[in-house]
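In structure tokens, the next block holds one chain alone, the form predicted on its own.
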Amino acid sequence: MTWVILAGAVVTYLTRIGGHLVLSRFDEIPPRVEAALNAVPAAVLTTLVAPPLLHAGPVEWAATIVAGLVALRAGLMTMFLTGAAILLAGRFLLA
């Protein structure tokens, strides 16, 4: 079991250092590469949020919608706390 953890650590390290090594070869980052790198956070967020929403109930959908609306006006922590509060309140009231 320990070897699985160590292998995961090595693979994670290699992917992180690999990106640095590839980008360090450029004097300046090409616009297309920069655009692709700017799209990574949205892609990661989508892969984390979309699958659970496919199996979510009305409380989870409500929390996601409210958090999304709050995100348009407030910061990340406010969005997170609002979504979590809606989720907890909804689960408490409907349980």
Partner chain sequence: MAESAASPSPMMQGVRDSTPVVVAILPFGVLFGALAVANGLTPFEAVLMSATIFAGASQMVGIELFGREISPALIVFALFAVNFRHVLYSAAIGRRITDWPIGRQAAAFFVLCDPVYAEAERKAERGLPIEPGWYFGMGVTVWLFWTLQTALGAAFGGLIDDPHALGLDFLLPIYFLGLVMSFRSRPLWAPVVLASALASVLAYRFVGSPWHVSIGGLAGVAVAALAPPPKTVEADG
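Remember, predicted model here, so these are calculated numbers, not experimental data. Residue numbers count along the first chain shown, from 1.
Omitted from view is the form predicted together with the partner chain, to which the following refers.
In the predicted complex, at least one heavy atom of Gly68 sits within 4.5 Å of a heavy atom of the partner chain. Interface residue remark: Pro52 is counted as part of the site for the partner chain in the predicted complex, having a heavy atom within 4.5 Å.
Taking the partner from elsewhere, Pro58 is found to have every heavy atom lying beyond 4.5 Å of the partner chain in the predicted complex. Taking non-hydrogen atoms only, Arg25 never approaches the partner chain to within 4.5 angstroms in the predicted complex.
Taking the partner chain as it sits in the predicted complex, the stretch 1-26 comes within 4.5 angstroms of it through a non-hydrogen atom at Met1, Thr2, Val4, Ile5, Leu6, Ala7, Gly8, Ala9, Val11, Thr12, Tyr13, Thr15, Arg16, Ile17, Gly18, Gly19, His20, Leu23.
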